[in-house]
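Shown next as structure tokens: one chain only, the form predicted alone.
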Amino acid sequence: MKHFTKLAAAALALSVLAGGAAADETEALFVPNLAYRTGPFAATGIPLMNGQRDYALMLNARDGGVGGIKLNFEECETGYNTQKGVECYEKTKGTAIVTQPWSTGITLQVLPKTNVDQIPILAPGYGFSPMADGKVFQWAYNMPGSYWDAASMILKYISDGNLDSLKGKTIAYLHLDHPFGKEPLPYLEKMAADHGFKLEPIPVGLKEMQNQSAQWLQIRRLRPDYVIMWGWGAMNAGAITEAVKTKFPMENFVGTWWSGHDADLNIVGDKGKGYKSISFSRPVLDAPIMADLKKYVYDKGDSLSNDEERSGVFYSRGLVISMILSEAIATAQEHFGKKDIGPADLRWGLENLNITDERLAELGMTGMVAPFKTTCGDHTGHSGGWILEWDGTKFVQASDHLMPDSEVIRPMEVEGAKAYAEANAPWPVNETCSAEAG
């Protein structure tokens, strides 16, 4: 069966086929996005989705898609609601070659279904960290980095590469009380036990995101050496505003890569100077890809974005994410010698990616993400990242390239994957694939 879709005219508003051939005559690879442009997380979702969409639009206009076939990047709105996300998955899975859940909660719900439906999950930089073990999670991919990677790099940065130097210190872990916010805890708890620092988890409920006075009262009382934030959507702006109000030293406040959104810091402006975020991607405003986007998308009026948003971290990350997907499609097309690939073909492409410096240069995206490769056994790639720091008006690079501590993380991934498979038995395992990365 060919995994194509024909667009209806009503779907063109959020489809990357807008402006192309007549909808009822167009065949395309269906790569739906379970988007959230509404709800309390919309402020962070919109620039990401716009970046993803614009990259696919550019490929369709400049290259005729990928390998001679256009991409249908139709969105299904979830509002970041897990139940709606599962409904979107069920609605789109029939002809899709991939699912992009855009929520750790949705990812966890969809994860068991993919073994039956045999459709790959693409969850860049989010989801369940043990998904890195491709032997167990045959259909799940969270390249170029996991939440355990992010936590590892943050600890490396604040400790200057020596986690033992954190002994006796207190780290407050301010996190969304949601699967996303809880995901790094196993790694952070292990590091606290191994290196002698005190970890104080401080959850923020979905209804408390915009009013975190209770959480920041607790932080004032704790007087932690550092606050690490796993925030998203309205929680980020709420936390940053409270940190400024309580005069917490911003240079000791570090967020995950979903807590580094320019618009959240614009609210406090210069008062937010020193706030930091780990990031697996970087905006490079003079990258050659930006000129192509302008020529084939912006100048035609096809983008839903604007100049201010396009200069930010999240829009750029959306471009990187769609690049990863399109490169996986191209890898599969080349390997199987056909353009009309299906989900199983894309699965092969996703686990045989090799994003080199040379390839990034060819794509016009040098510096926007670090090189990485995936294998049968490693579905994450562990590209590492950079600390970005708010300078009062924008995020700037504040560290050299950082890498996660794979010697600690890989055994945790394998152990976590094994425990998940046992808890969800019978769980199919790819016996031909080594459990070791690479």
Partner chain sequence: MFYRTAGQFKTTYRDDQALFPIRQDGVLVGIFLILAWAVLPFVASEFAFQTLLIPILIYSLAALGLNVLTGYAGQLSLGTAAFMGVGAYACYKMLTIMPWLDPVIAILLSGFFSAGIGVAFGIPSLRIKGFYLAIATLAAQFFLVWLFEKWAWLYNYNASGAIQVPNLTSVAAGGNYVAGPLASSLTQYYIVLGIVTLLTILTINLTRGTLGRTWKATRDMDFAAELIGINLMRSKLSAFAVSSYIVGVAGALFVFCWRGAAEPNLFDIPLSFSILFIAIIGGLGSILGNYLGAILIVGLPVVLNTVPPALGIPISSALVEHLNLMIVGGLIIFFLIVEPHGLARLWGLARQKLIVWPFPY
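Numbering follows the first chain given and starts at 1. Quick caveat: nothing in here was measured; it's all calculated off a predicted structure.
Omitted from view is the form predicted in complex with the partner chain, to which the following refers.
- Of the candidate stretches 72-80, 325-333, 289-297, 338-346, only 72-80 has residues with heavy atoms within 4.5 Å of the partner chain in the predicted bound form.
- When the partner chain is considered in the predicted bound form, Gly196 lies well away from it, no heavy atom lying within 4.5 Å.
- In the predicted bound form, the partner chain stays beyond 4.5 Å of every heavy atom belonging to Ala419.
- In the predicted bound form, Arg220 stays away from the partner chain, with no heavy atom inside 4.5 Å.
- Within this chain, Glu358 is remote from the site of the partner chain in the predicted bound form, having no heavy atom within 4.5 Å.
- Site annotation in the predicted bound form: the residue of Glu309, Asp225, Asp302, Asp177 reaching within 4.5 Å of the partner chain with a heavy atom is Asp177.
- Residue in contact with the partner chain in the predicted bound form (any heavy atom within 4.5 Å), chosen from Gly364, Pro186, Gly367, Gly274: Pro186.
- Contact annotation for the candidate site: Glu87, Glu90 and Ala425 all lie close to the partner chain in the predicted bound form (heavy atom within 4.5 Å).
- Contacts of stretch 31-48 with the partner chain in the predicted bound form, defined by any heavy atom lying within 4.5 Å, are made by Arg37, Thr38, listed in sequence order.
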